[in-house]
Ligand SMILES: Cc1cc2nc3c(=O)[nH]c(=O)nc-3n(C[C@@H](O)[C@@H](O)[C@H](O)COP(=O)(O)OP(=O)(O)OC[C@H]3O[C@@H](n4cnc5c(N)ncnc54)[C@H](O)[C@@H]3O)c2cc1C
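Before any questions on binding or motion, here is one chain by itself as structure tokens, the form predicted alone.
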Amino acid sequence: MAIAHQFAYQKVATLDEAVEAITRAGPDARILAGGTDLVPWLRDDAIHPDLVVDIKAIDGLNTISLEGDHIFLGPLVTFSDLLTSDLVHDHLPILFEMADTVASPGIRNRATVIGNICSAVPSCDAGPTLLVLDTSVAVLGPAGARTVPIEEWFLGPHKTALAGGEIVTGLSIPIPPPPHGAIYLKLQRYQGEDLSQAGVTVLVTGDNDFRVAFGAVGPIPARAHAVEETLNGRELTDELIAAAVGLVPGAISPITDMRATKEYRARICEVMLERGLPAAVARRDGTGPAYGTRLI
């Protein structure tokens, strides 16, 4: 189906130019990066912007770089870029594992990580993993630059902390001190291009600091702080896993839709956490399955 809605199109050469354009246009302006969400929404008549600002021609926005003890992702970094990055493989392989579950290779070649969190759909794959990594979102707007902690980023379905005239300029992701292990488990209906029915990311450090975040089982991806508090500082045992799993119903609020019932989503989150906790610990200890191995 063709795009029937008419809008102005502006291709910009700098981020400052992008900020100026969307500030001038007001709330009915949209940024075009990968376009894997924006274009279908335009085609389906779900959004009606007056202006689309194309940032794809800005140099240097697809950079993945090591900045001290952080990995920086530019706004045009795609999921395929994560899969082929030596920095990601060496320092944050959980990003590789998450990216490998996203849609199809064709979509991964165009879809940007930052676009994924700006769309802010409850099932966004990047959300849970960026949450356990305590990511910071760099933003530029009419009032200048600011940083938003990822836990304050998601405000609701399709709603973020991005203010009028602002654009995301990058993600700063702290590298947890070694040793650490992590895992992203995603339930989907079939192998290949499908949205998450439920997802969980677990990260554990050498001193048993656990971080857990769920996706697709609530209005926003979110950390499970009560689960983390139960786990933190303790050696993982079958009894501790059972205690953590018992807290899952209070940490999520799944719904029933065409892809799964709320009861199935709730149960599978318990199963994923039960499998994910020992796998993350095993990876930390050098005995776990290789990153990219599917446990569900």
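Heads up: residue numbers just count along the shown sequence, starting at 1. This is a predicted model, so every value here is computed, not measured.
One more form of this protein exists, namely the form predicted in complex with the named molecule; it is left out here, but the text below deals with it.
The partner is absent here, but in the predicted bound form a heavy atom of 162, alone among 162, 83, 226, 175, sits within 4.5 Å of the named molecule. Though the partner is left out of this view, residue 134 does not reach within 4.5 Å of the named molecule in the predicted bound form, counting heavy atoms only. Contact check for residue 151: no non-hydrogen atom falls within 4.5 Å of the named molecule in the predicted bound form. Residue contact with the named molecule in the predicted bound form: residue 181 places no heavy atom within 4.5 Å of it.
Looking at residue 41, you'd find a heavy atom of it within 4.5 angstroms of the named molecule in the predicted bound form. Just one listed stretch, out of 143-151, 89-97, 207-215, 165-173, contacts the named molecule in the predicted bound form at the 4.5 Å heavy atom level, and that stretch is 165-173. Taking a 4.5 Å heavy atom cutoff to the named molecule in the predicted bound form, the contacting residues in 33-53 are 33, 34, 35, 36, 37, 38, 41.
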